[in-house]
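Next up is one chain by itself, shown in structure tokens, the form predicted on its own.
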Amino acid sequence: MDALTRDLREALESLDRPRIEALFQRAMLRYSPMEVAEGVIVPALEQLGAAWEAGTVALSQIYMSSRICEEMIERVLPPMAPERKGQPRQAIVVLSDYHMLGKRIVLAVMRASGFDILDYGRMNVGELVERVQSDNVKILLVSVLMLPAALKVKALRAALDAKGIEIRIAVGGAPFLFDPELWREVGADVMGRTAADAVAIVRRWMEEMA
């Protein structure tokens, strides 16, 4: 799979849609949809994420390449596919903030990686607690850009604990990058620096919950 991953990464970086589609079809002839997601697409997106951290690709390239992969995976691995039935309920939200780009990128990467994840859009703490409870969500990804929104994670955790809701919370966004200990102070379970981190975190939690 290494050669396929390398070629796909190059095609994604240049946003060469015909080549991306051809590589995806080639991979589907050899492997199952989940194997393609986990063994080809995720590593390619992880390499792109590392390139973004190194400053060699733009954030827009990450977003567009993730959306292309998301579309391909949704074709062969729809939400009700048997391969996805064993996944714990998971959701992503922008908490009391109006900056959606970070959430959109993580959501696209997660779906492109084969995860069935609910998109809650933007919510405040009260709305989010009710929705998490009604959907029986076990893993929650929270994206914020501003410090006041990041601090609301503490109120979110307190409200969830008060209702006895067992859930793991991963947070990401600028405030947590500026203050590496902030995620602990607000009661999150972990912090992710990149969309690729979110994939690794959720995958690890799913293995622990199995």
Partner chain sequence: MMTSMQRVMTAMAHQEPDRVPLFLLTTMHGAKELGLSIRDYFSRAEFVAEGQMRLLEKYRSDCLYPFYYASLENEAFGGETIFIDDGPPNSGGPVIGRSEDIDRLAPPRVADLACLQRGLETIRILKERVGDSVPIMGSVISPFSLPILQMGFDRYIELIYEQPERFARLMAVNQSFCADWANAQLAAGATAIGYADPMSSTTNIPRALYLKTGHRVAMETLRLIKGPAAIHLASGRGLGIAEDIVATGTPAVGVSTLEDLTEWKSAVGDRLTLLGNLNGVTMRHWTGAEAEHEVKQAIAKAGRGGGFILADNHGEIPWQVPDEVLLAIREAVDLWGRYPLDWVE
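Positions refer to the first chain, counted from 1. In this text the structure is predicted, and so the values were computed from the model without any measurement.
There is another form of this protein, the form predicted together with the partner chain, and it is not shown here; the text below is about that form.
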Looking at 41-49, 26-34, 165-173, 142-150, which one sits within 4.5 Å of the partner chain in the predicted complex if you count heavy atoms only? 142-150
V125, heavy atom within 4.5 angstroms of the partner chain in the predicted complex: no
May I ask you to state whether L182 is within 4.5 Å of the partner chain in the predicted complex, using heavy atom distances? yes
Wondering, does K138 line up within 4.5 Å of the partner chain in the predicted complex on heavy atoms? no
Taking the partner chain as it sits in the predicted complex, is L15 near enough to touch it, meaning that at least one heavy atom pair lies within 4.5 angstroms? yes
Any residue of 55-73 with a heavy atom within 4.5 Å of the partner chain in the predicted complex counts; write them all down in order. G55, V57, A58, L59, S60, Q61, Y63, M64, R67
